[in-house]
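What follows is one chain in structure tokens, specifically the form predicted on its own.
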């Protein structure tokens, strides 16, 4: 099982974002480095949820915003490690829509259940496979470091 490492401040910021946007889904990108078979996330960048039809159970990051996030990551010598979003009053398990709309092979997809406005369980899934046709999610272990120096 792969590992996703991140500082406690980033982990808590992601969970807090879900609480702030409740009852709608929040979303954002994870930026970091890939080494020795795992991602180390340095920062989470909030993104606007552009879904207007069903923001309570879907999210979309605007392509222009995603390009900005990618450029900022590269400027810092980092990569897009993946994405995060919340599931208001729904388990922190990927949905068929999450899977269908996941296209970044090798990236993490972090989901936080926000139950009655309070962050509950958070899980992360690595999108693996050689192509869109054989992609699949594998659950990751989330390692939260108290200090960024512990990563």
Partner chain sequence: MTIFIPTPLRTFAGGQDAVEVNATTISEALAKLTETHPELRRHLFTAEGKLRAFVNVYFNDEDVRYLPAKEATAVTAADTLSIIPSIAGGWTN
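Residue numbers count along the first chain shown, from 1. Since the structure is predicted, the reported quantities are computational estimates derived from the model, not experimental observations.
The same protein also exists as the form predicted together with its partner chain; that form is not shown, yet it is the one meant from here on.
- At a distance threshold of 4.5 angstroms between non-hydrogen atoms, residue 97 is in contact with its partner chain in the model of the complex.
- Contact check for residue 46: no non-hydrogen atom falls within 4.5 Å of its partner chain in the model of the complex.
- Contact annotation for residue 132: at least one heavy atom lies within 4.5 Å of its partner chain in the model of the complex.
- Although the partner is absent here, residue 35 sits far enough away that none of its heavy atoms falls within 4.5 Å of its partner chain in the model of the complex.
- Along 92-117, residues 95, 96, 97, 98, 101, 103, 104, 105, 107 each place a heavy atom within 4.5 Å of its partner chain in the model of the complex.
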